[in-house]
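Quick setup: one chain, the form predicted on its own, written in structure tokens, and binding and motion questions come after.
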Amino acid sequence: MINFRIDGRSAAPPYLQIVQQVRQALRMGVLDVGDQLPTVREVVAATAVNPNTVLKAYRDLEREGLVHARAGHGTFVLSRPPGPPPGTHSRLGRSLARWVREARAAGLDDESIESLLRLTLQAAPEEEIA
């Protein structure tokens, strides 16, 4: 089961945070095809967002073909986003966590780590072309 967290300081609106968290849970294997998402009432109780916000998020996910709402039964995962299987994400996530620990041990703070990651991501496509 997924537990939504809404960050009031985030630039992303609450409905988009819910959408992003569902996509991430599908990529990481936390949610799988056939799983039921929390009811709107459960999400509202846990996050204190407006029910329409949750409904908007669930509708967006349904338009993407990731979930399907069954009247009176709930909202269920229909498919995963395109990309590698969840095992790949988990394996790479563990590798990245080790790298972050190593970077912190070397004295890098979060801002430095984020900058290095951004630079690496920007350079990666250029290196592949060359």
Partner chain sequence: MTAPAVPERHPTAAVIQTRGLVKQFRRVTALSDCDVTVPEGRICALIGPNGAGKTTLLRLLSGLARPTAGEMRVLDGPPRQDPVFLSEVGYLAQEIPLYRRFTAEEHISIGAHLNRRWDPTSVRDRLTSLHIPLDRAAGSLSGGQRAQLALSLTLAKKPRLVLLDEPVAALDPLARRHFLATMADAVAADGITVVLSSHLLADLERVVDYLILLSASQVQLCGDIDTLLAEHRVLVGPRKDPAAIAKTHTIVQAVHTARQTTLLVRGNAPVIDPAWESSEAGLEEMVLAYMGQDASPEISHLTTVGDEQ
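All values reported here derive from a predicted model rather than from experimental measurement. Numbering follows the first chain given and starts at 1.
Beyond the structure shown, there is the form predicted together with its partner chain, which is absent from this document and is the topic of what follows.
Asker: Only one of 81 to 89, 99 to 107, 41 to 49, 23 to 31 has heavy atoms within 4.5 Å of its partner chain in the predicted complex; I'd like to know which.
Answerer: Heavy-atom contact with the partner occurs in 41 to 49.
Asker: Since only the chain is shown here, I'm wondering whether His73 would be in contact with its partner chain in the predicted complex (any heavy atom pair within 4.5 Å).
Answerer: His73: contacts its partner chain in the predicted complex.
Asker: May I ask you to state whether Ile2 is within 4.5 Å of its partner chain in the predicted complex, using heavy atom distances?
Answerer: Output for Ile2 is no: heavy atoms all beyond 4.5 Å of its partner chain.
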